[in-house]
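Shown below, as structure tokens, is a lone chain in the form predicted on its own; questions about how it binds or moves come after it.
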Amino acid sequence: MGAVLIALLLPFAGAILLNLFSAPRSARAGWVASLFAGASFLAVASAALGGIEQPPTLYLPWAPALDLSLSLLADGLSLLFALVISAVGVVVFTFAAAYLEPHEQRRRFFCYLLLFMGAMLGVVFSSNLLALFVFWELTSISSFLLIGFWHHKERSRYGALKALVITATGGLAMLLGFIMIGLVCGTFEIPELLGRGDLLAASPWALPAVLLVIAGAITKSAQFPFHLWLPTAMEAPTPVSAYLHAATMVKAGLYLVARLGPIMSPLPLWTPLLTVIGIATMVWCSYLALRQSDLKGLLAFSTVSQLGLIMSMLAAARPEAAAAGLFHLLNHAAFKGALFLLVGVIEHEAHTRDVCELGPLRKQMPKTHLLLALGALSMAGMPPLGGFISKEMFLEQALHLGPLLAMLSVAGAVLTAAYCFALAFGVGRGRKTEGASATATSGAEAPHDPHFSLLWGPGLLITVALLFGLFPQSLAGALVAGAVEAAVPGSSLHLHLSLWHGFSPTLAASAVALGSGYILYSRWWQTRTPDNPLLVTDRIYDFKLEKLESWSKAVTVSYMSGLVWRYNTIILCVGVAAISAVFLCFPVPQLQAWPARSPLVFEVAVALTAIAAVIGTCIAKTRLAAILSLGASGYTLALMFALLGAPDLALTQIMVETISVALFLAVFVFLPSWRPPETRPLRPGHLALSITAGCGACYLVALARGHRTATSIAEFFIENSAKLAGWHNIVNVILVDFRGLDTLGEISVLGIAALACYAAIKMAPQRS
């Protein structure tokens, strides 16, 4: 577990050190960040090669008195995802070091990228649902910074905001679901939840928890109908697209489904809803990918489509389906990461991503096109690449989903093959349209293959995709089997990955999908001009966001009027409404008597004086009289504190009242004209609200005092002031030792108030 902890901490440490010791545009920033990413990968790899420790959970004390700890889980599922995150991370970091231009803010970019890498590792290693949520939201924040890295571009800002709004909203819904699960099961620790699924199943909170957790998973993984944020996020630099939106961040939702599958799959809606969403996403986004003219847009929708495929497999929480989904996840990380990097290379050399403007790449950039074609064919499921095996496994499981879902799965495979052939062959042949520029780089050098530093990373990933097809069992068999064992506890799956399984209905379905996909590509894609259609979901998002901003402004203007009485009214109404709601939902406890002495005559006199001063403040005919009456009520309260044996409170009250009165007197010149009480209408509603709030506060104090279940804390201070602090002046010990930070805050507030008084007094003569 030590290696896992090191792997988790290294990216955060690298981000801090890089920010402290690197120049903003330093070329070394990328290589230093790559070293931290490589060290993190080696730590994860050593943990994976060392086998799963028993127990696989590490508990780090956080607040032992509250039974809280930071816990890490390193089983087969966590290690598989961590290997994908760290391995692809090393490739992306080194690619970005050579890809970014010298004028870019490289230090900032790599700090964000390291922060994101650490957050993703935190998601997959967290054993506690609340800790998982913290890292989950950290991925949203860091991805927002990375997508909007080119913040001078309006489209980058738009894509970053859309991604943050959708994923963060889903994350908050997921948090509510986590809280329901934790409260029902009595724990937030994932290993302990596995044995308490029956408690959740018997709870009325089961269905809301399922829907809320699904909302978090499908928003993060851009599933239908929340797929709209991923294409617009492609305005980010290419390394960001390759890392966040092909290999890591969008797979966080898949990890969540796989991790919570054993707990949630027995509950209603979990498996059927996620399966339907996954298949629908696969088919619809495959069609949208086929319509794209922008290469990044095509890859974006193909990513969403492939994620839908994996989601439908992991939703069932069955060993065979989980194995298909997890092996395809490995293949997808390899070929899709390579494809995004290669599109970045094409844009870097040809200065365009539009397929209508690109020339025949197989002649202009033969090495780049070869790698691009191999990656696309792996995604299509062409043997002997790894995508063929995982697609076969998917089709085998899809054929058992029922006739309708099986047909949709095959249709999705057909559309997938079509856009993959368009990517592999169409771009290679070129499809310049009439009226399009001869090249996107008119007057510039013709596109050509880049330096090796930009091709070795995609080449390595394509090689991995090929090796996954030639030697699947040796390279991925044990890794996938360990992940399946963690995702489906108690399963007895004998996994054997092989390129050839003999003639079967699955092979026939795969052949039909490839053949139909090629026909669709040659007869439809080549005869029409691709476009970038504006999705209905995009229109709905833009409309709702605009309305949300206008409604928020209207609501804010309605109460931010500058009138203090209106602010106080809102505050008191909210307090009264909240307390009333609690009393309506739960039985109202009865008041209980508590030991108290009878008040003395002069104490009653002081209380009546304070009440009279408050009334005098309300009916005063001049501002001076109102301020003096208000000060009198405060000073009488200080006297009451002194009579009741609280000299420290009395002194504090005297200081506050003195400063307050001076401040009120100093700001006379800034106040609007005075309206005497007889010219102001009586507001019965305000009077009733004030009385209700005051009586309610008294009732709550009496209720709390009458239902005290523990001895007064005063006994603790009496016993420990000399023992722990070495002083017999208990009041001073409380202020300086036991409540030192609180006292510092009070002193700061008083200092700020004093500065405000001084500023008001100095400004008054100038205003006069």
Partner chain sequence: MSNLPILPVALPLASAVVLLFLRDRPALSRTVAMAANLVTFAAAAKLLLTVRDQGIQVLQFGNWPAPFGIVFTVDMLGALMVMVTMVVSTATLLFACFSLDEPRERMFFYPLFQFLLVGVNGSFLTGDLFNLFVWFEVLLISSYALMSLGGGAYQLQETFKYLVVNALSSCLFLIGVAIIYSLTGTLNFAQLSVRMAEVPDPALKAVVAVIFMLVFSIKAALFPLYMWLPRAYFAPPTVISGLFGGLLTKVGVYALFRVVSLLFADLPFVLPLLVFVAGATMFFGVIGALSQWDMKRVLSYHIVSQIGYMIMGLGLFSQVALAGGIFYIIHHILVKTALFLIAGAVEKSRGTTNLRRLGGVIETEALLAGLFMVAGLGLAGVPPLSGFIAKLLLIQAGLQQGSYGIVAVSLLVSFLTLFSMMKIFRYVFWREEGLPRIEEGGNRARLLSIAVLVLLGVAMGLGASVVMPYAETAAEQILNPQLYVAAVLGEP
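Residue numbers count along the first chain shown, from 1. These numbers were taken from a predicted model, which means no experiment stands behind them. Here the rigid core means the biggest group of C-alpha atoms that line up within 1.5 Å when the two forms are laid on top of each other.
Not pictured, yet referred to below: the form predicted in complex with the partner chain.
Among the residues 649, 141, 535, 90, the one placing a heavy atom within 4.5 Å of the partner chain in the predicted complex is 141.
Comment: the partner chain is not present in this chain, but in the predicted complex one of 543, 602, 452, 583 has a heavy atom within 4.5 Å of it, namely 583. When the partner chain is considered in the predicted complex, residue 612 lies well away from it, no heavy atom lying within 4.5 Å. In the predicted complex, at least one heavy atom of residue 188 sits within 4.5 Å of a heavy atom of the partner chain.
Not displayed here, the partner chain is approached by residue 564 to within 4.5 Å at the level of heavy atoms in the predicted complex. The partner chain is not drawn, but in the predicted complex it has no heavy atom within 4.5 Å of residue 318. Note on the interface: of 76-84, 347-355, 636-644, 129-137, the segment with non-hydrogen atoms within 4.5 angstroms of the partner chain in the predicted complex is 129-137. Heavy atoms closer than or equal to 4.5 Å to the partner chain in the predicted complex belong, across 696-735, to the residues 697, 700, 701, 703, 704, 705, 707, 708, 709, 710, 711, 712, 713, 714, 716, 717, 724, 725, ordered by sequence position. Once the rigid core is used as the reference frame, the Cα position of residue 743 differs between the shown form and the other one by 2 Å or more. Remark: with the core as the superposition reference, the CA shift of residue 293 between the shown form and the other one stays below 2 Å. After superposing the rigid core, the C-alpha of residue 699 moves by 2 Å or more between the shown form and the other one.
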